[in-house]
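Shown here is one chain on its own, the form predicted alone, set out as structure tokens.
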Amino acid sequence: MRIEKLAIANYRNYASADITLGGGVNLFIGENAQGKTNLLESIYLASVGRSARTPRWQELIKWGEKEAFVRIRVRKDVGGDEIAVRLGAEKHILINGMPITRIGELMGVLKTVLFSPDELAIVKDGPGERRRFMDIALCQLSKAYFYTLTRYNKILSHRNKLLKSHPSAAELEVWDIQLIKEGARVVKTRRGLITRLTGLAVDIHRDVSGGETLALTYEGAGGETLAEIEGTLEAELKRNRERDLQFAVTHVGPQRDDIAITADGVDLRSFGSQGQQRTAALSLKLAEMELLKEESGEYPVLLLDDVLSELDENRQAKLLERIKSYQTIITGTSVSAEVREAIGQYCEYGVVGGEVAQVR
């Protein structure tokens, strides 16, 4: 899978840009605040239907304009697709000229993996970042998971609103039954993801770290089968009912879950060095690339937003060894001669003040 062409208009600081991309490594070089990250953001928007930086699509529209447009042509091993996004008073997404009615229809059309300085927070920041990592990967792998997660979040929102009105046990039970059913599906799918990721990430991490053994464990409701997980969630909801009523929020469910990340038995979330945390984050992202390849037969597009400057020479080298296998879009203020030599063949673009020009 690769992007052949990216066209944007009135997007962030861009009046317009029309870019033809190479099938391998693409470098976008420019000073800070020139619009490099905005290009990656537009690709990510077309991939998952939302920005990685803000939940408000109105913020993506160029100041003083009423609408913004993103159009991407995707080439696959068999055929291709065109994704068009129009942002205005409403957000409209079209696939091959046909408007979609549900965002789930977009999932998997253009698969991407984003790695930025913020993504390094997967390990060191709170559980929310790790849940987001799992959910984005799973939504690209499975439309069914996307719809399950959407249903769960709606049920959770209704239950939390109900808790504020001092409901009876019978009223809560109606929502608890639904929450348990959908929550168990989310937990089971996430646990399966972590099992598969572990098998891929362990070898990658051992190579990048120089020998440390990575371990990933999903921290959520116990049980392997749906019935077992449902039983655990039901018992925990009952045990926490008074607490939920007191604070008017649901304390049990996948919205509270986490991933334990250890290296040689050390919990990297709390006790890992910055280098160890970056190595683990890099390993998770590269494992995600391999998992998406296993599932679809094609690598996704890798988006590297000013990441090379955050990695030491060893981690840079390990990353550069792998990106030759798939289309990669890299942004940075500069790229060293050593990195260019390691990449080999690449296309290069200069970015200045919301304008893009190919220089190689």
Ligand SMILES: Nc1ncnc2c1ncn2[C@@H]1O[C@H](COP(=O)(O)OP(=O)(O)O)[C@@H](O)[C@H]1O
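All figures in this text were calculated on a predicted structure; none of them were measured in a lab. Start at 1 and count along the sequence shown; that's the residue number.
Not pictured, yet referred to below: the form predicted in complex with the named molecule.
- Heavy atoms within 4.5 Å of the named molecule in the predicted bound form belong, among the stretches 36 to 44, 322 to 330, 291 to 299, 309 to 317, to residues of 36 to 44.
- Among residues of the shown chain, N32 is one whose heavy atoms approach the named molecule to within 4.5 Å in the predicted bound form.
- Using a 4.5 angstroms limit between non-hydrogen atoms, K62 touches the named molecule in the predicted bound form.
- With a 4.5 Å cutoff on heavy atoms, N13 counts as touching the named molecule in the predicted bound form.
- Taking the partner from elsewhere, R50 is found to have every heavy atom lying beyond 4.5 Å of the named molecule in the predicted bound form.
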